[in-house]
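The chain below stands alone, shown as structure tokens; this is the form predicted on its own.
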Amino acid sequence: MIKLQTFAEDFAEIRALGRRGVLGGAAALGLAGASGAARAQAPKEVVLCNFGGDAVKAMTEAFVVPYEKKTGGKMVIDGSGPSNGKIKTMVMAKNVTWDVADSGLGGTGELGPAGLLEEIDYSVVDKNKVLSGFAYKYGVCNYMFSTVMAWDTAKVKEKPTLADFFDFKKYPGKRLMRKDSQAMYELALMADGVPKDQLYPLDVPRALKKIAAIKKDLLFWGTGAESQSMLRDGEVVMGWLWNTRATLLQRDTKGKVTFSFDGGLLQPGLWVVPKGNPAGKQVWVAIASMQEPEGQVKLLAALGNGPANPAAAPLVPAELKPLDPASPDNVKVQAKIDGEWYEKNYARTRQEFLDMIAS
């Protein structure tokens, strides 16, 4: 069975050298405790959960240090991985230890409607500091990533279009998709002629029909490492995968495998707040602090996550702009995912996709 990773899990795999828990991470990073008198006056401690590895150090520098300096409070990072299952278990048991977690539309879509997440307080968190369309009821964008098309230049001599993905006369050979409907539906519909700004509500039957027509020539990936190896090893001639893995392929193969943001799908990583978080309303102050563009540019430089705040664009170094999924030049050639549609439809339409590829 293919393991299905989230983007955040895969990114941690790319970067991680190890994982740290709350106490271990704080000690290893030298996060100093406040004195008793200072603690009495300071805001409640905020615990941020991500997927560990280098993301602990990067988010400490990008977010923790500025937040603590600005508020006099304390933020601690738990790198143990905020899966949907862990959040659900915490909330159901009324034993919530995290205040804010690194998640995505799969998290808001499953946990939000089930009453397991707090609604984002946009009287404190600023919608204007998020790229248009990526501030949702149960989650607010913390970074951007994309699903893009990558190809083997030894077999595909010219830059292919999304329509070329389905043209086996022009480009013979296997194709690669993720074993999940998110982004696969959108790219298939654009390949079938749907304009990128008219995708939603998704025509799921049309997308399924388009993909089913080439099913015998498709291979599916569940982890980012699988998507990378299948293209690198020549098992497929082109594939749809995350921009982070495509960037690694381009670098590691010295351009033999390359990619483009053209026709890609821009997607958000999201801050979510488990229902009954221990820091209460202080979490909104922390999330608002993490919206500042300077910290988000630090995160881009350290990890490759595109800034969520449009005001970060002028601060991005020139050498990073081509690899930034949220740069203005890359945003304008991509479609934007619709989080509200996914909140209402993801569970059902994902299962339809899985049933089709299994039949």
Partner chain sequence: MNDRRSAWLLIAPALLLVGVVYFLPLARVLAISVMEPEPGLGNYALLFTSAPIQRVLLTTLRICVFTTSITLVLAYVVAYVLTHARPTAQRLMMLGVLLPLWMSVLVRAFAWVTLLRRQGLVNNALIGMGAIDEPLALMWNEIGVTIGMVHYMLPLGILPLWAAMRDIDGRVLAASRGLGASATQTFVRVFLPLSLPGVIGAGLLVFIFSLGFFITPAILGGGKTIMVAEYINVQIHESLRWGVGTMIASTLVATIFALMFALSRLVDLRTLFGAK
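Numbering follows the first chain given and starts at 1. Note that the structure is predicted; figures quoted are calculated from it, not measured.
Keep in mind the form predicted together with the partner chain is missing from the figure; the text below concerns it.
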- [ ] May I ask you to state whether Lys281 is within 4.5 Å of the partner chain in the predicted bound form, using heavy atom distances?
- [x] no
Open item on the list: Just checking whether Leu111 would be counted as a contact of the partner chain in the predicted bound form - the rule being heavy atoms within 4.5 angstroms.
Closed with: yes
TODO: Give a yes/no on whether Ala163 approaches the partner chain to within 4.5 Å in the predicted bound form, heavy atoms considered.
DONE: no
Open item on the list: When the contact criterion is heavy atoms within 4.5 Å, does Lys216 count as touching the partner chain in the predicted bound form?
Closed with: yes
Task: the partner chain in the predicted bound form: contacting segment from 223 to 231, 138 to 146, 196 to 204, 267 to 275, heavy atom within 4.5 Å - done: 223 to 231
Task: Option touching the partner chain, based on a heavy atom within 4.5 Å in the predicted bound form, out of Thr153, Gln250, Ser260, Asn84 - done: Asn84
TODO: Any residue of 320 to 359 with a heavy atom within 4.5 Å of the partner chain in the predicted bound form counts; write them all down in order.
DONE: Arg350, Gln351, Leu354, Asp355, Ile357, Ala358, Ser359
